[in-house]
Every structure is written in structure tokens, then in C-alpha cells.
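Below, in C-alpha cells: the form predicted alone, a single chain.
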Amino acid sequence: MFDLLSLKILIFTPVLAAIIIASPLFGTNFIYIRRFAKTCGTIHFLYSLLFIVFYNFGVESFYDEIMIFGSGWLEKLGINAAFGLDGLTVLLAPLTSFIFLISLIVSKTMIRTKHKMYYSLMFILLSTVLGVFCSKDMFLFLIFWEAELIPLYFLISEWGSCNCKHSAMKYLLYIFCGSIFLSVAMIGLFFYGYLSNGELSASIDFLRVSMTDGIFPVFLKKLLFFGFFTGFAVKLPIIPFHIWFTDSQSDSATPISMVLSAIIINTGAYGIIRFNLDLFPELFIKYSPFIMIFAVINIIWASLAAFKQNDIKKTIAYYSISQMGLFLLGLSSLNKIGLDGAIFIMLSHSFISAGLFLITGLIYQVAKTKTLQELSGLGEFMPILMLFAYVINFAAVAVPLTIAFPGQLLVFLGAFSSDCSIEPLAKICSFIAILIMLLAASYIFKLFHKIFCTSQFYSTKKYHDVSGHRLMCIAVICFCIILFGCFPDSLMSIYNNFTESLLEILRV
């Protein structure tokens, strides 16, 4: 069985599925196209789970490389098409496949036009995201990072609301500008690796910057660090680079919003861990107080902005931004507790944000609006949806025994006990973050109370409650939220060795 697990199959079979869908095989029969897409998505998700089952904890179990005529890709330049999984990416790969599968299933009633193009682009996007998580080569990472732009641009612009083309172009320009910083930083790091080791190599595991070796001036190393941080901050997104995210979320179709919030911003978080923390440990330690301050500003700004929104999807988008602030807070604590919490925030946020946007999409389907002032009393007609909405609502505010609670608790404990170079800063930042998360609880409860519980009906029309495939999807998400909230160690035990390896790097 272990020999049958190939990262090339995991990453590139979605492209094969996209080609089959785009071919004349199914004609214009959207029912067959949809069923084939869901079948492929289910098989891919089950296949991705096998990598966790057969993962050898403590070592990198899976490594794969595409060979061209018996040699590596651009081998003379030290650039190889190499893929691998570690304790973090072995979780991110199945999580990515799971969210895409849920998105494909709910697309049945939410995507009404251009089925061939839509499902083909979804599978291509899945392949590019998996390529980002699995790449072991710096320039291969950049290729998948850039390739992600194309399908996502069309997915936002073709199946969104009236302003979707504007939002898609904004997304394209923001991420492309961030990619310029990444490209320049990678070229500089590539030459640094050559001068440091005497050979050309773009292997991410091969490159690590030392502040005392005298190869590059210190200011140049700092420029490389901030080049990477800026490029990933745009995707994360971090204020003030967040405008593309809120607009794209507001104007995208529900399945695309789920992927954007649950998966795409995880690529930015992963990039900060893999490049800024892993390759520039000394600089990350030096600038961790400023990252911590930046994280708290992100949480405060996003929470205040969310409280004032009238658009449901923008409110949830700002919730996602505040969660990424918590991720940065845990990462900048530089201790085991904080790092464990930061990674758990990545995982928990994916389930919660996917659930929140799915609920929003179901509300929009029946009410034909996402404006909060025009919504009230839906709980009278949709009690089942209200029940699941409040499960996800409690998870969003980190109620114990839900998936967000362990991550937030670890982040706050890690930040409070951080050995920050500015002595009281970590405790002040963690205290402020706790207070602001109380504000987050207020706007999340306000949002769903207004939608489901207020007695003033905006319409006399009766609506059908959630059922069928939509009920199944939201029930599965709620099950995961409760399961991993009750048993968080089932996830933490998988990435435990990964965070320990990060701590070893930080101690060097």
C-alpha cells in the first residue's frame, strides 16, 4: 500500500480530472459532469487520507520527484521538481481535498452556468494549492503559487455577483504585486545559498540564512526577510493588504468563498512558517515583538471593522482576518505552546470559515440577499439550519469542546509566557487580544441572532429548511468541529514533531 502512495498522483490527478471534464466526453450534460466531479473529489479525498494513515511520524515519510530523461528538472541550476510531506503538510493536503470536496457538492444548486469550465477550474485550483503545500523546491513553489492566480481569477469573475469582475481583478493585482516581492526575495536567497554552500540549489530544506556568516550584508538579509513576509502577508491577508480578500469574499459564489477563506489564506500562513520562520530564524526572533504588535493591530482592526459591516460575507471575511492575527500572535511567541496553537488555528479556522460561508450561501439561496438589515426571523422557517448555524457560531467564538477553543487557548498561553525581548510586551498583547476576542464574540452572536432569532419578518413567504446534500455537508463540518474540539490531540500529535523541529531551528 505504501508504494501506491505517490505525491505526483495526489497533486496531478485533479488536472487529469479537469482535462476529462473539459473534453467532449460528457458533452453539455451538466448532470454527468457534476457527478463525475463529485466522484473524483471523493476518491481524491480518500486517497489523501491514506497519507496520514501511513505517515511515519518523526521523519519525512513521503518524497517524490519528477525526472526528465533520467535527470532532475533543470538539475544544472539546482532546481528540481521535488515534492514532500512533513507533519504540517500531511494534514494540510487532506484538509484541502476535504474543503474542495464539500465545495464541489454544494455547487450542485449554487452553480447554474458554464459547468464544464467551473468544475475544470476547481480541479486545476486544487492541484495548484496542493503543489504549494507539497513543493520542496523554492522555484517550484513559486510556479504553483503563480499558477493559482489563473483559475481563481476566473472562478471569482465568472460565477460571482455584479461586482465580481472588479473584485477578481483586485485579487489578481494584489497577489501579483505580492508575488513580485516573493520572486525578488527567492532570487536573492538562491544566490545566497550558492555563495554559502558552493553549489546551486533551490531546495527549501537546503537554504537557511545565518546573520553572522558575512556572505550578504545584514541589511540585504533583512530585505530578503521582509520581501518574503510582504508577499505572504498579502495572501494571508494582513491589514492593510486585506482589501482584495473582503471584496472577493463578498462578490464570489459560495463554494469559491469557502475555498478562499478555508484554504487559500492557509497558503500565506504556510509560506510564513516555511520561509520566514524556517529559513530566517534569527531575524524572526529579532522581529517577533513587532510581528506580535502587528498581530494585535490586525485583530483589533478586523474585529472593529466586522462589527460595523452590513454585508454578512464581509463580516465573516473580517472574522477570518482576525483569526490570522491570532495565528501571527501564536507564531511570534516562539515557544512550543504558541506554535502548536498557531498551527491549530490554521486547521480550526478552515472548518469554521467553510461552515460560516456555507450557512451564508444557504441563507442567500432562500432570501436572495446578504444584507443584514434585510434579514430576520429565518429560524421560524429553517430550524435545522439555525441549529447547525449555532454550532458553528459557538465554534467561531471558541466555546469549549469546539475546534477553535484549543487553538485560541494555546495561542493566548503561548503569547503570555513568551520570552519576548521587550519584557511586558507579550503579556500586554495577549491581554489585549483576549479582550478583543470578546468583541468578536459579540459581533458573531449579533449576526446570527439578527438573522435567525429576531421576530420582525421581512417577508411573509415561507422557506424550505435545509435538506439533502446541503444538510449532509453542513452536518459533516459540524461533526468535525465537535470531534476535533473534543479530541484536539488527534491533530496535534501529527504535527507535534514539526513544531519541535521549528523550535530546534529557533534555538540554533
Partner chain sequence: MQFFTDNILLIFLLPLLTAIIAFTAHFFKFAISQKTVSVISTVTSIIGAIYAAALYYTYNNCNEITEFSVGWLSIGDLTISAGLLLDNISATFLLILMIVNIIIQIYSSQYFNNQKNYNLYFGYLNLLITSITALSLSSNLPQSYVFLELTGVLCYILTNFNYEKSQISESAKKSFIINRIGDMLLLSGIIVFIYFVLTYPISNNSELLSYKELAETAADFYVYLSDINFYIACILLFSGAIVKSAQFPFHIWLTDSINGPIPVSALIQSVATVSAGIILTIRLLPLFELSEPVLKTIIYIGLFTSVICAFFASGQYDIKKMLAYSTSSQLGIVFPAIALLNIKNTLFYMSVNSFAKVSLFLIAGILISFIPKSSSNMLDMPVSKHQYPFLGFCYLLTVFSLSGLFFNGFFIGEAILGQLLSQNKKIAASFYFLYLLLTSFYLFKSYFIIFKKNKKHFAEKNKISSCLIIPIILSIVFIFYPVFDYKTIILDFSKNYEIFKLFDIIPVSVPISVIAVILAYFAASNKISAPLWFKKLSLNGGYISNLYDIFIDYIVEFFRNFTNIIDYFFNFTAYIVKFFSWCVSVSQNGNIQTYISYAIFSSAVLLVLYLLLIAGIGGI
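Positions refer to the first chain, counted from 1. These numbers were taken from a predicted model, which means no experiment stands behind them.
This protein has a second form, the form predicted in complex with the partner chain, left out of what is shown; the following refers to that one.
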| property | result |
| --- | --- |
| Output flag, K8, Y32 and F98 jointly within 4.5 Å of the partner chain in the predicted complex, heavy atom basis | no |
| In the predicted complex, segment of 434-442, 100-108, 362-370, 322-330 with a heavy atom within 4.5 Å of the partner chain | 434-442 |
| Contacting member of F284, F229, F294, Y174, with respect to the partner chain in the predicted complex [4.5 Å, heavy atom] | Y174 |
| Contact assignment for the partner chain in the predicted complex, among R208, R112, K336, K222, heavy atom within 4.5 Å | K336 |
| In the predicted complex, F307 touching the partner chain (heavy atom, 4.5 Å) | yes |
| Proximity of L16 to the partner chain in the predicted complex, heavy atoms at 4.5 Å | no |
| I494, heavy atom within 4.5 angstroms of the partner chain in the predicted complex | no |
| Contact label in the predicted complex: P424 to the partner chain, heavy atom within 4.5 Å | no |
| In the predicted complex, residues of 239-272 near the partner chain [heavy atom within 4.5 Å] | I239, P240, H242, I243 |
